[in-house]
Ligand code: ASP
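One chain follows as structure tokens, the form predicted alone.
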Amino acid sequence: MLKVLKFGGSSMASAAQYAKVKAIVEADETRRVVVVSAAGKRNKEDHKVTDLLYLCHAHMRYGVSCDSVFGMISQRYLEIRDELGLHTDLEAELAKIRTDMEEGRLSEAALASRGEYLSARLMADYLGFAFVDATQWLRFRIDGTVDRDWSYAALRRLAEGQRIVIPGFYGAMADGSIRTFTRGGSDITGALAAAALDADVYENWTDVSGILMADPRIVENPESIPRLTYTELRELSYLGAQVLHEETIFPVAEKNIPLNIRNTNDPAHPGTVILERFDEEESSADERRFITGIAGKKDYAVVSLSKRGLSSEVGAIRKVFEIFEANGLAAEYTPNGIDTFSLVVSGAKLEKVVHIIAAELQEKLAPDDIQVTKDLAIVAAVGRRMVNRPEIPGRIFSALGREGINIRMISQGPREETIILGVDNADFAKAVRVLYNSFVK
């Protein structure tokens, strides 16, 4: 049995949080590979170390002193080391970083990666694990993708027979230069490590007890989701749920490695377990809860064109997509009727090119009518247990109707796992609360 653990910035924010991490790791001897983020915020007024490192780079680029900012970074890590009674020679590490900055040897990516690097050095010392730098195993190709074959083989060699701590967020190009993932990339590092080592479980430790059924800024104290499929996770993430970096799921999903979202501040909570599929029978409580999660976004727009005979006009839909693509607009959803075709797109992006698109649609398709509807919000009910349940859409529409919420758009894919509803921006939060209260409470 092998478990790979990733701890986010909130779990690395202070010496007290380091102590929680150590207790979690030592509670299970199968937790042998630990991936860490840079130190996060200790409170709302605090700063993430990664943000401070980016600020340092900006100062250096414009010839402005970053002494005070770098001093804040240094103080954070020295305080953690000293409070834990560790002996890591941080002074030498910090001096090297400062010298490399002044002599222009650190790219923006390389400097930004130092938060994870310092966190991992301290955590390896604290746990008594070996430190494995991400540059030793995580290799990027020239196009920015990860060379998984090379990386996986390298990590298997480095991890053999020992317990290790790895910094997240970055790796190296073939020439040794540091490259980072986008923000949240430590999640990807953890997933790649779990896949490389064929882990039995990938535990992603954060500051919430699993993935919540709805946005806590809209629904008060929403329940966490006990079990979730990768498909449901992708749907919720795409539709605005703040869960994980989207690329996180791919390495572990391919090998069907369970992904367990846990709370460092509440380690007794089982969190959310994510798998490609669940073969065991659902519990009776789960069976009553048809909706797995509710998510959504505001500020969409819908462009609809109507033309008699549109459905039988060969190539018409292709022309519509080509026009939108040429103007840099991606279609989020495409609800349509017999002679009506609609595209749901970003309202902000459409605003810049709406007149161009209308003119090109008119020129190339000569529609009878073109309508643009703005200020639309998308609300989605996601759940694998909605499949073959014809009563669920009716219950959703009835619940919203009773509260006077007008449904502007409806879309449901053939898999029946997601029901997409368009409502006015003004009704967005209310719609989310109505669905949550109707199907969860």
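Not measured: the values here are computed from a predicted model. Note that residue numbering begins at 1 and tracks the sequence as displayed.
Beyond the structure shown, there is the form predicted in complex with this ligand, which is absent from this document and is the topic of what follows.
**Q** Counting any heavy atom within 4.5 Å as contact, can you tell me which stretch out of 57-65, 388-396, 403-411, 35-43 lines this ligand in the model of the complex?
**A** This holds for exactly one stretch, 35-43.
**Q** Using a 4.5 Å heavy atom cut-off, state whether residue 169 contacts this ligand in the model of the complex.
**A** Residue-level check for residue 169: yes, a contact with this ligand.
**Q** Using a 4.5 angstroms cut-off on non-hydrogen atoms, would residue 185 count as touching this ligand in the model of the complex?
**A** Close contact exists here: in the model of the complex, residue 185 approaches this ligand to within 4.5 Å, heavy atoms only.
**Q** Looking at this ligand in the model of the complex, which residues in 38-67 have at least one heavy atom within 4.5 Å of it?
**A** Result: 38, 48, 50.
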